[in-house]
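Heads up, the chain below is alone and in the form predicted on its own; it's given as structure tokens.
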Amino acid sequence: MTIKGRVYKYGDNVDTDVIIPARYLNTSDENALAAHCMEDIDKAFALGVRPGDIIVAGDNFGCGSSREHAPIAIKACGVSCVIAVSFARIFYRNSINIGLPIIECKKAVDGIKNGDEVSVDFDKGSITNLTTGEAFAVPPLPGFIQEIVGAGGLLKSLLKAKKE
């Protein structure tokens, strides 16, 4: 599986309250959550993000509360992947569970700027900055995680497996 998109880059400790502010947690509607994604850190994000775009961030992305709304809002915006130096443990699990692929790679984070075009090959384990031509090796996304992501999340993956 390969994805390609434009980068929105953020710093360290982007918490779930910034990803989706608590004042919008009175809904589970994905489109409503997407409309307010990242607005406290980047007011233009929800208006400018396009399907396939990629978030790149520093250390401890998704820290804070354990709300599943945060990765849902990111995915509902059309973001195809989040690349960070590191992720909060619960955010990592919630992301995979809802079908949002995430990758940890400090070198890629250091070598990618806001607005760059990036390609990620989950099978080969590579991130390529198409703007600069620089490539970064990462462990390939395990097959079972690719199956979860491809199905649209853990629950959909389990339901698909049950039917087969």
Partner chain sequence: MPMTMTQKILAAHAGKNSVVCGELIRARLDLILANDITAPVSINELKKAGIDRVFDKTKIALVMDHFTPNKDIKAAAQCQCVRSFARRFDIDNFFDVGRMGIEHALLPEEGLVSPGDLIIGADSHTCTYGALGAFSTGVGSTDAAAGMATGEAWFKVPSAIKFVLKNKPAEHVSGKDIILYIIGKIGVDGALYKSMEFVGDGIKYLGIDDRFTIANMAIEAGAKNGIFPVDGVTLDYLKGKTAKPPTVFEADKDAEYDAVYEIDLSGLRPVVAFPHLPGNTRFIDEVGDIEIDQVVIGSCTNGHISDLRAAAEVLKGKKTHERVRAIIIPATNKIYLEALKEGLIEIFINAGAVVSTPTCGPCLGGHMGVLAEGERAVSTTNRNFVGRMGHVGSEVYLASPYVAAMSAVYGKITGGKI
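Quick caveat: nothing in here was measured; it's all calculated off a predicted structure. Numbering follows the first chain given and starts at 1.
If you look for the form predicted in complex with its partner chain, you will not find it shown, but the lines that follow are about it.
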item	value
Residue contact check: I98 to its partner chain in the model of the complex, 4.5 Å heavy atom	yes
In the model of the complex, M1 touching its partner chain (heavy atom, 4.5 Å)	no
Heavy atom of T132 within 4.5 Å of its partner chain in the model of the complex	no
Any non-hydrogen atom of S126 within 4.5 angstroms of its partner chain in the model of the complex	no
Contact residue in the model of the complex, from S66, N31, S119, N114 (heavy atom within 4.5 Å of its partner chain)	S66
Residues within stretch 21-48 having a non-hydrogen atom within 4.5 Å of its partner chain in the model of the complex	A22, R23, L25, N26, T27, S28, D40
